[in-house]
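The chain below stands alone, shown as structure tokens; this is the form predicted on its own.
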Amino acid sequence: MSDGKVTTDKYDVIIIGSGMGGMAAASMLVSAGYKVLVLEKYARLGGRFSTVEYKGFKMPTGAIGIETGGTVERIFKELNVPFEVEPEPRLFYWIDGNTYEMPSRGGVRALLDILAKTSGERAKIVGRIGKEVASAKIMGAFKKGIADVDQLGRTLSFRDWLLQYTDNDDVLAVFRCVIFAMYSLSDAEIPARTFFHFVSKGLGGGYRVYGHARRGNLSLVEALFQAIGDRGGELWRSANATHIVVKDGVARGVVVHRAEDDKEIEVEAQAVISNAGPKKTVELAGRESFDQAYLKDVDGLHPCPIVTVYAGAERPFTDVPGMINTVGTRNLYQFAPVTNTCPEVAPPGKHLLVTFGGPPSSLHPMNARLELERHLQDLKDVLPGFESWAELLRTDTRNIDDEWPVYHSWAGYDLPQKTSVRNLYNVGDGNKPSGMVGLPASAETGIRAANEVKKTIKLK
């Protein structure tokens, strides 16, 4: 810092990272009149809610399904920014070579009924639930799980909960797919309580009403930050936060390295909100700044890995107009023929497919090469002839130690927005509220952090 300087301009709040959590916090705070500075390490905004362009294809860096009518859209409405998302209110499942549309309600029962009707003798559900209809028996258990959700401990996984009612491989495969598609996590690693919070009437309006960004995710991000700037907020691109300044147990600012002048400066603020992930936040502020209980919680977080494939073609990948979850596959658990809904994200006459998958467990680093091989084999099985008429545009394997894992924390084990350092908050997918997932969860963390700032820092 000997050749650095302290800025004469001070901010009410500095936000590290321009992902959805940071954007949500910035939007709510500038709307309330706070002086906000957003620091983005890269030239491109949005983090895992952004776009990479290649050969005219606009490929998402993470999020593909964008919730409509919920928390995410609320952020845009707060600043009167057009929410250019094309609704895609249909969800499908691929089972044994066939694709089935899920109803707007009763999707779990529909899945079980489809399984019983289409899989022949192999899928007749017997065993612990005898000769009764599986859907009726398991749906009864589901109702009980929702009713008793607050009594379910965090140590009971969803898989162990389900094994109380059936050990049928086909039923287990269905719910393994459901869990992976929502949480990028094994059914043996997510608490049953977390899943039932999601599907409960109170918390789980969540992710059945969604759409795709008409011109790619980055177009939404840029529009939102334009509105933040119009209301007095500042954004520094290519500005890497190298240290969070903590004095007397209170966050007081951020040391920033700006690429444009290759200098470090210390920027003062009354509060700091980090969208860098809890572990990175601790690294930036120094472990000595936090109490031992908080450090133990942060050290115990488990990120989730992911495998993503982007493919282009001159013919539609499928005529299905929506996202498709795959049951019984090795690694693939969801794919989206995005151009069926938003043709603008590909060159004229071209089609874009985005797929997601993950290893059987997120506890240890995955073998990225092996998991990608399994993923591509699944694609060949689900889309026969895929390898002969589609072009692989990009593959993306992110391990648990990656800067951008799919989630910084397993669902159900997230940390609160507050840290043990006063006026220092975390937002994003390491701090998901119980029952929430994906972009809505990250947006909600930003809203909650902004509300905490409003309580402690009063405008003059």
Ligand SMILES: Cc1cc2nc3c(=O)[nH]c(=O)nc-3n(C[C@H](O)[C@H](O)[C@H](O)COP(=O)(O)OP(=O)(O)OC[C@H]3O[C@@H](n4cnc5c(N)ncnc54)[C@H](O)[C@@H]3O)c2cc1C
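Numbers for residues come from their place in the sequence shown, where the first is 1. Keep in mind that this is a model prediction, so the values were computed, not measured.
Missing here is the form predicted in complex with the named molecule; even so, the following discussion is about that form.
Asker: When the named molecule is placed as it is in the predicted bound form, which of 397 to 405, 27 to 35, 410 to 418, 51 to 59 ends up with heavy atoms within 4.5 Å of it?
Answerer: Of the stretches listed, the one contacting the partner is 397 to 405.
Asker: Report the residue, out of 352, 190, 220, 276, that has at least one non-hydrogen atom within 4.5 angstroms of the named molecule in the predicted bound form.
Answerer: Selected option: 276.
Asker: For the spot marked by 75, 85 and 444, is every residue within 4.5 Å of the named molecule in the predicted bound form through some heavy atom?
Answerer: The answer is no: none of the three residues contacts the partner (heavy atom, 4.5 Å cut-off).
Asker: Is residue 195 near the named molecule? Define near as a heavy atom within 4.5 Å, in the predicted bound form.
Answerer: Result no; residue 195 lies far from the named molecule in the predicted bound form.
Asker: According to a 4.5 angstroms non-hydrogen atom cut-off, is residue 39 in contact with the named molecule in the predicted bound form?
Answerer: Taking the distances in the predicted bound form, the answer for residue 39 is yes, it comes within 4.5 Å of the named molecule.
Asker: Can you tell me whether residue 338 touches the named molecule? I mean in the predicted bound form, with a 4.5 angstroms heavy atom cut-off.
Answerer: No.
Asker: So, in the predicted bound form, is residue 449 in contact with the named molecule at a 4.5 angstroms heavy atom limit?
Answerer: Heavy-atom contact with the named molecule at 4.5 Å: absent for residue 449.
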